[in-house]
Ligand SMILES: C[S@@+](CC[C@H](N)C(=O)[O-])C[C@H]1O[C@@H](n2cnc3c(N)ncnc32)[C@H](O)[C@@H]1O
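Consider the single chain below, provided in structure tokens and representing the form predicted on its own.
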């Protein structure tokens, strides 16, 4: 039996957009621990869910025993167009870009800097992992990863120090990498968060190709939205949020000139500024503190 302690982020804010609506067709693009999908199912909506995680598949099977109106596909959200959906479109699409509590607690994945594990951070099943990056990337590539994805100003200094340290001994675990970060002399500008957060974020994004997956998804998602459907995206750091913000801005209705099937399409932006978790939610679930929710209504 899987012990599911996943708490869905900003569920009240998400549900507020479909208040009093019945029998919606909803696509949960990142099922994770199933928290959001369970909320939708409890309200009687029909849910299609995606996730690559094996634990997510098992949780979905458990939900199916109680709720018959859920379909689960074991795939990454970027692949929404290769699933045989029979030309199905949705009234509400949710993309939660955070990783689940199950993934955070999984020592084999090693996303947490609070628990020692082998350097991995791959939760999407690709070939690349954090060990390969840290021990085999050249200086230019290390600098690129830490500067672009970790927003570390002294990325060059950090890259040089890592190469120096690995020349005498491979860096194999999260705690070993944290010690390298601690001794590097780099200013991580992390007064409110753990000093290793930026570097871990950078490795996770590179390992899982996170930003590119988001870009691929955004190029396709309008094909799966019904007229007047909602697209809701939760991001957790500025790099993701910048992409999402630009997508809605560039495809705002009356400005978008993308003609498809002889029809104009675009979004009415419902969140001029991103919604954030309430103070009470942050106290109950610290992971929600950095969440930003943007929502658009699809006009076609």
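Since we're looking at a predicted model, the values are computed, not measured. Numbering follows the first chain given and starts at 1.
The same protein also has a form predicted in complex with the named molecule, omitted here; what follows describes it.
Think of it this way: in the model of the complex, the named molecule has a heavy atom of just one of 201, 91, 120, 76 within 4.5 Å, and the residue is 76. Residue 99 is the only one of 99, 224, 188, 177 with a heavy atom lying within 4.5 Å of the named molecule in the model of the complex. Screening 61 to 69, 243 to 251, 28 to 36, 270 to 278 for residues having heavy atoms within 4.5 Å of the named molecule in the model of the complex returns a single hit, 28 to 36.
In the model of the complex, residue 103 approaches the named molecule with a heavy atom inside 4.5 Å. Remark: residue 216 does not count among the residues lining the named molecule in the model of the complex, judged by a heavy atom distance of 4.5 Å or less.
In the model of the complex, residue 289 stays away from the named molecule, with no heavy atom inside 4.5 Å. By the criterion of a heavy atom within 4.5 Å, residue 163 is excluded from the residues contacting the named molecule in the model of the complex.
Residues are counted as partner-facing when one of their heavy atoms sits within 4.5 Å of the named molecule in the model of the complex; in 48 to 77 these are 51, 52, 53, 56, 75, 76, 77, in sequence order.
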